[in-house]
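Two forms, one protein chain; structure tokens for each follow separately as structure 1 and structure 2.
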Structure 1
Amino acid sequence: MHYLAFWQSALVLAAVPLVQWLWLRRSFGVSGRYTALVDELRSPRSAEDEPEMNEAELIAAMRAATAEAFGESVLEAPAAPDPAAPVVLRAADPAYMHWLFFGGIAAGGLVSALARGNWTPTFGLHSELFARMFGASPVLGPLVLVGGGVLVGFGTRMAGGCTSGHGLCGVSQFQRGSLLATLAFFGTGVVTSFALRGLL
């Protein structure tokens, strides 16, 4: 199996957050999209929660109401819009956007597998080591994957980020929480993997 060289891989990993900032204008992270989808399922957002007007419309409406109640004289001249100011009333992405992002990631895997002529879908992992460690019983492998997945979902939500948000972006901004979380998940990843060697 031929993978990209380390420096090519690094450029890919660094490029994706930059492309996301450029095209989507939002910080980069994957586990937060799981959180948004889960929260949507736990308590669906109703149409009443959606902001009905954007920030400019809201300010205009509030000024009109103020003028009506207290007279035009109390209103100051409207401040010039600050182009650098972040938009305050940015509605959260609807759930289908997160599904689209997830679908895109899976499609990327599909394209990659097809391009290398390696698309042979099986109900397993394309892994020799995983099969040697957990393949002895038909229930062990699936249990390890479900259990591992639960730990990933639980842990990333607790830590407030995963490899992309904490590991790539947070660490690049020297954020204390991201440095701690990244040290923690890399550390236990190493310890767990060395422990798994005992199964070989």
Structure 2
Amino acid sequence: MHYLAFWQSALVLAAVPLVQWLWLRRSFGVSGRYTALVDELRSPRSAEDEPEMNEAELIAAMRAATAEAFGESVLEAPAAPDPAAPVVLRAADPAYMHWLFFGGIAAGGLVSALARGNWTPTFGLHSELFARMFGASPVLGPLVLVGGGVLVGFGTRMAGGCTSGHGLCGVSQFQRGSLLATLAFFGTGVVTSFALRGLL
């Protein structure tokens, strides 16, 4: 199996969030899309969810709230934004966009596995360490993977993002929270990997 050089892989990884931003004007994040999809399935948007105010009414309400909180003088300050400038509100992506996103991830993984030439379905991971720990059990392996997925879900909600959101997008923007989150999950992964190898 031929693998890309480290710098080639880095360029591919850097291109993923860059293309996402240039094409859709949104940061690349898997957990955010998953959350949006689950929220959409639990509470589908309807006509009643549409904003009750048009753009002019929204601007007027924002100016009134600003004046009430900070005084009328703030609205006339030179640094204040032009009240006539259009307000751009980004609409939430429709559910089919999330399905396409996850379908693309699954299809990409499938194409990659098929291109390798020796892919076969399995109940676990193609990993010597995983096989030694959990064997080829059709029950234990999937339970471990599902349990790991649940823990990852809790972690991403607690950290406000996943490896793609923090590690690819947040770190590239030098966001402190993303730097700390990436340090935490990569550091924990490395320590856990060495600990498991030492125990086994």
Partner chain sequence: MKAALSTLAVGLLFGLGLSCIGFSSWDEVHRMFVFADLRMLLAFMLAVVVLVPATAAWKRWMPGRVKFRTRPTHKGTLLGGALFGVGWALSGACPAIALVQVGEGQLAALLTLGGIFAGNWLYAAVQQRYLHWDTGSCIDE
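Just so we're on the same page, rigid core means the largest C-alpha set that superposes within 1.5 Å between forms. Quick caveat, the model's predicted, so the values are computed rather than measured. When a residue number appears, read it as a position in the sequence of structure 1, where counting begins at 1.
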{"query": "Of the two forms shown alone, the one predicted in complex with the partner chain", "finding": "1"}
{"query": "Residue 151: Cα shift of 2 Å or greater between structures 1 and 2 (core-aligned)", "finding": "no"}
{"query": "Residue shift check between structures 1 and 2, rigid core fit, residue 175 Cα at least 2 Å", "finding": "no"}
{"query": "After fitting the core, residue 124 CA displacement of 2 Å or more between structures 1 and 2", "finding": "yes"}
{"query": "Per-residue Cα shift, residue 67, between structures 1 and 2 [Å; core superposed]", "finding": "21.1"}
{"query": "Rigid core superposed, the C-alpha shift at residue 113 between structures 1 and 2 in Å", "finding": "2.4"}
